[in-house]
Structure formats: structure tokens, C-alpha cells
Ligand SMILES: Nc1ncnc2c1ncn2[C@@H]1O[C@H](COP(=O)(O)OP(=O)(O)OP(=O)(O)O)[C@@H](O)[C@H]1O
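Next up is one chain by itself, shown in C-alpha cells, the form predicted on its own.
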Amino acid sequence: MSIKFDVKIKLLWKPVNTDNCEEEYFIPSKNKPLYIVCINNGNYIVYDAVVRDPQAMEEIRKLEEKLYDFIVGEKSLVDLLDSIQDTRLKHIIERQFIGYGVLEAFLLDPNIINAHIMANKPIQVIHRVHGKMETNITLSLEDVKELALRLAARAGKPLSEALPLASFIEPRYEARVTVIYSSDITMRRDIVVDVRKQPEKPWTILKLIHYGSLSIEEAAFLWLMVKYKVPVIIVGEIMTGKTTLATALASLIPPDARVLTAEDAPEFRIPTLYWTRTMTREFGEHKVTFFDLIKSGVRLSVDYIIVGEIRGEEAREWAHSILLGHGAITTFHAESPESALLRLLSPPISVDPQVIALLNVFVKTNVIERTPGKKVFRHEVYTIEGGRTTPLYIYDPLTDKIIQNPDVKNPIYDLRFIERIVLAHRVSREMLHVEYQAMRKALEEAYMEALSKDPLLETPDYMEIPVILYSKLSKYITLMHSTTSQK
């Protein structure tokens, strides 16, 4: 007598009371979607698109019969997958047996930047638009263990009770994964999996303007700083949009510039042709540190050295690159520009005070809860000169807008460190003022054109931004100089 196993395909079912969603979208958005996302009452609800399709559900019941042959080894999984025509059903089988289970929904959603998974608790995610949200999915301890082991195995990382701490890059999605495995250090009660995703389509400077994270005037000022290689330090607490902003500012680098990035996880996308990406190597006999990467970058004839995040002694080599005239954009975990400077001056970082004097432009990233469950990203610009901090572009909670500090009438003329640009690049403040105004007009025109074509500003693509902006900048500078000469 043969024994029949009860083989079930694990589906994400549509929860009750999700007919009236505040927002609904599909993953992916084209062709046959795999998942449907419902944003409701501050919660992120996701379920399989096939549960809305009676014909597909009938196919799933037939597939469960075929799965029995796969389980007992009579047929291979490859044969089964080859026999499935519906891409939605194929995805469900793949995620259950060789993928990452329900985590696939979050990995495929371009709006999700982080997923935090603990056993027997709703998975918590961070949404690009809505911020931190609870989901409708809860995993058991055994499910989380299996997920952690699959992630570690795919990355070639050991994970066990003897080696319970792991941090690695998952190769398929290039996501940063951190695991605390069930062991004596958690009293064998808990296991945590944290997944931080790299965005498939980085947010552009135009999209940050659209969502109110930056004002056009603020973006134009930062553009001027980036173009003339003034170091820009982005400070903020965890998950406040530091990397998103740094990536957007990188698109303001001139298209023909040479750029080197140094990272421990592949997060940056640099839209220039001459971009050298370098990564740390934290394992093996021949480790490569941030210090090594930045030191090599200094020896290269690059225009910009961009560091994913300054943490330790590598800051000294990074600071040395600033003294040599390299442009710099980097992130720093700190609650304010002042605390960032204090950490840079203090051990173990101990940056030379001579370099600190060259760090004049800081962007403070903020997450603000405007209404219950609705958080927004608002970024402010501060300048530091002679130990004095001046807010330049600040958030006004009454209007929910970024405004210019009324005490600073004209940043190009009022800020002393602008004189360094004047001397280094042989330009006048008047020329810089004209360029700043041209940048404002170029950004405004590019934003309005993009908005008229796509209300969500998914286009133009991030890689197209530098050429578009610098082309418009050239047009406006020529026009403004022509107007001035006629007068």
C-alpha cells in the first residue's frame, strides 16, 4: 500500500477587510503581477495575485498532485517548473522550494527598503513613501530559521549555534542581510533576520523634490557644491534616507567626471561613464578595508571619492583626499552636524582639525510624522564656519516645506567658505551666483517636464539625469550671460 503525503502549496491569502485600500499597487507593475499590495490604516498588506484568479487556483490544485512526485523523488523540480506555463505559479513554486518564501514579496517590491523579521511577530518593513509599517505576515520560529539558513547558504556564509552572528550580501538581490541566529546568546528563544535592499531604480533628485524632501533652491545649492567639489556630509539617524539622498546627489556630478566609490555593500549607482566601484573584503586571508580602498582612490586620477559611510579610521584617508582636491559625498551616522564633527575629531577617528575646517556643508536627514502612521522625509542643509553652525535650508512644520533661512539673504555672497571655490576654480562670486540661478531654473524646468510626462516621476531614469540637467544648465547660463551683456 502506498502512502500519500499531504503536499500543500503555501499561498499568501488575501486578508479580510482589504477591499477598501487607501492605496493599492501591483508587483511587478507590468504584465501579470505576482503580488497585490494594499496600504490600509498604516499597515502593509500583501497577497498573491493568483488568489483573485479562479482558473489559476484550479491549476494550483493540480500542481499539488504533481508535487507529490517531486517530494518522493520520482521527478525533478526542474521538470516540474518547465511544465508550468503561468509565470505566477512558477514563482510560487520557486519561492517555496528554492527561494526565500514570503520574503520574495518584499524583495520584489521596489518601495520596500528594509524588512525586519522576528519569529511569531508581524514582519515589519520600511516603505519608501509610508515609512515603518507592520505587515500581514507572521512566521514561526522554524520558518525564520529556514529562511536564515537559505539566505546564508546562498551567500556562502556559515550560520549555526556556534556561529550565530552573520552579516553578508545576498547575491541574487544584492541585499544586505544581518542575522542573529537562535543560540545561547539569545537563550535559544529568538532569531532575527534583517534585510536591507538596494533600490532597483534609485530615487532621482527630481523625485526628492516632488515628495518635498528637498526644495528646488536647496537642491540647486547642493548641485553647486557638488559641481565645485565642496565636501557634502549627510548626517542622520538610521533609516532616515541618507543613502537615498547621497545617491541622488551623485547624479549632480558632471557626466564626464571620474568617480570612485568605496562601500561595504553595493548601494550606490553612479550615472557617470568613468565610475570605478570598489568593495571591502571582510573575509579570507587578504582582507580589503575602507582604508585600503580610499588610499587607492587617492592615487587614481579621479575627481570624486564617494564613501558609503564613514565609521572609523578610514575617515583620515578620506579626509586626506579632500585636502588633495577630490570631491566628496558621504554619509555619517549622527543626530546632528555638531555631533558628527565631534565624532570626527574624537578617537578612534581623530581627523586632523585642518581638514575639519574644510567640512562646511552638512545635510541633516529627518523622518517626520505629519499624521498618525504617515511619515515624510525632509532634509535640511547646514553650514559650519569657524565652529559656528548656520541653518541654511530648514524645515517649516507649519507649511511642511523646506524654506531658506531668512537671516541668510544670499548664500553665494554671505558664506565665507565660497571664497575657496573662487580661488580654486578661478571664478567670481558673481559667476557663481549666475550659475546658482541657472541651476534653479534647470531643475525647475526638468521637474515640470518630468511631471507632465509621468505623475509618479519614475522617468526620466536616474542614469539620464546628469545629461538632462547639465544640458539645461548650459542653456540657461548662456541665456543669462547673453541677457547681461545686452544690458
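On a predicted model such as this, the values are computed, not experimentally measured, just so you know. Basically, rigid core = biggest C-alpha set you can superpose within 1.5 Å across the two forms. Heads up: residue numbers just count along the shown sequence, starting at 1.
One more form of this protein exists, namely the form predicted together with this ligand; it is left out here, but the text below deals with it.
Of the residues given (F221, F290, W203, F362), W203 alone sits with a heavy atom within 4.5 Å of this ligand in the predicted bound form.
For the candidate set S182, T383, S321, T240, a heavy atom within 4.5 Å of this ligand in the predicted bound form is found for exactly one residue, namely T240. Partner contacts here mean any heavy atom within 4.5 Å of this ligand in the predicted bound form, and among 340 to 348, 192 to 200, 256 to 264, 87 to 95 they occur only in 192 to 200. When contacts are judged by a 4.5 Å heavy atom cut-off, K145 does not count as touching this ligand in the predicted bound form.
Although the partner is absent here, F377 is a contact residue: one of its heavy atoms lies within 4.5 angstroms of this ligand in the predicted bound form. By the criterion of a heavy atom within 4.5 Å, R154 is excluded from the residues contacting this ligand in the predicted bound form. Though the partner is left out of this view, K227 does not reach within 4.5 Å of this ligand in the predicted bound form, counting heavy atoms only.
Positional change of R128 between the shown form and the other one reaches 2 Å or more at the C-alpha, relative to the superposed core. A displacement of 2 angstroms or greater separates the C-alpha positions of P199 between the shown form and the other one, with the rigid core held in common.
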